[in-house]
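So this one's two forms of a single chain, laid out as structure tokens and tagged structure 1 and structure 2.
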Structure 1
């Protein structure tokens, strides 16, 4: 069978009542279009069984159906049973889904949660590391045809990684759609609107692009033409924003640093002021992080900087806490305390208050120190979209620049084109 057309069904009474806004239709449809599918319909239905008739009506004409929502433990979560009925198969316990759910919630699985491990017979479960509801994929027989069917949980933090990591590759393997070649990049510190503007500026004829916004990065997908031409477009983007902000593949910013430290069997420590431990959190998100991360100090007050890191009172009085001089002493202080190979520091003004004409909100200094190496500091000015945004971007920048420092790069040259952050 050839798979050319697709339909998307988003299930949730909160959506149909306007309590929350749909975030799936644009994401899913744009990615399916890039794969070469023709998206025929996108339907939002409540949690009342309406999906039964809506799904039945499209099976005769559609090759792929994608469902989001309705996989919870409550009585109105009907997606599993409706798909099983349409496929004319019973619901059976999927052992992998059961074991994953039991590992999450233990004995609480007995009762309403147990149904989250029940899947239509013959369908394959899709792991959900971010929630309790496994997804599933398989085929619904319709006469001589077999309609591909995928069901995913509704919350975006659960659906998005499942869709991009598991479902898209599976759909790409089906034959019949115009499968466009595509290349993925990870972009850092760039606003989505600015990235869109830059892509329009440099995209050659025959190449399309799509983006996926995440907390710490934006994934950029270039589609069409040849791999060489897509790489040329990526290089054009790098010439505008700097090569450090666009990297090949699906890469998180912490991995840029931790992979390097792991390969060198070296360690790092950090001293944070305005980010209050966010860098330490990112460096320890991965298991086994004690092999490269010694620890850190969240030295928010001036007193903490002096007592814990040895920052001089004269430095703070003369230059202030948000200065290259302070960032330098913070990095050197945590290096001495920890004995690690490298150390980084961050101090800045996250806002919303506390800024001035000389030191506006969004100004951040990062410092880097190492045994037998000259300490380097860099001043960055971030566009402020709120306190959380400044802290997040400062942490990402510190991770990127730490890797450059370790490799011996000149940090001022690295940030020379960072005018869009």
Structure 2
């Protein structure tokens, strides 16, 4: 049988109530379109909804049905039951889903959670490394035909890797692509539209890409051709924007730094002016932060810079708070107070007010200090998209550059290519 048409069902009451916006329709439809599928409909329904009729109606015209959501332990187990009903099979315990869930939550598996390991008989479970609900895939017989059906969890951070790693290769096979695999990258400080444009510029025939914005980073997925050729495309991108802004795999910007510190069993502290605690917060988002993070000073006022960090009044008067000199004294100040191995500092104009011709909104100085090592400062100029964006980008840039400083790289070389930030 030829698989050519597809439908997507997105299940979530928070979507039909407009609490959150759907994140799956575009990702799924663009990838399927690239594979050659025709997407006939995408349907969003509440998780207490009557999806049955819509779903069974589309089995007559669609070759592939993709479902997301409705797999949680507290939901009405909508998805599993509906697929079982349509395929006319019972729900049975899937051993590998059960074991994965048990490894994750232990004895709490008994009760509501248990049903997360129950799958329609004959369907194959798909591991979910980021959550408790396994996905599953298989076929629903419809007369002479056999409709491919796959179900994935709703949260994007669980659905995305499952979709790209497991589901897309399967769908590629079904439509006749034999070799299908993809590589994931994390990109920082680049606007999504810019990343799109750069991909279009360097993508060789046979490689498709997809992007997903995630607050502090944009994920980039390269699909098709060989791993080697995908890496070549990533290298072409890196040659345009600098290697620091595109890293392999699924990595949050803070993890770039904290993984490095953990591996070296070293510590850091920070001194922040315009970001005022943002970096300190990011460095402690993960549990276990005390092994690498001592603490930080949110020195928003000049008085705080002087009192908490020992920044000299003369420095502030002569160069201003947004200057390499001030960034340098801030980093050295918190290093001295904390006794950590490294220290970073940020001082800049976040806006909307406070900019000038000489120091426009979006200008940020970052500084790095360590015992027995030369303090380094770097000036960055962000295209200003407002206060939120400048503070976010300044924090991400400081996290990236701190890792470079620790590794002994020359920071000016690193930022020289950052022409798109």
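Numbering follows the first chain given and starts at 1. Owing to the predicted nature of the structure, the values given are computational and were not obtained by experimental measurement. Rigid core (definition): largest C-alpha set, two forms, superposition within 1.5 Å.
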Does structure 1 or structure 2 depict the form predicted on its own?
1
Displaced residue check between the two structures: residue 15, CA, 2 Å or over, core reference:
yes
Yes/no, residue 318 Cα shift of 2 Å or more between the two structures with rigid core fixed:
no
Does the distance between the two CA positions of residue 30 reach 2 Å or more between the two structures, the core being superposed?
yes
Core-superposed C-alpha displacement of residue 156 between the two structures, in angstrom, equals 7.1
Can you give the CA shift of residue 122 between the two structures, in Å, with the two forms fit on their core?
11.5
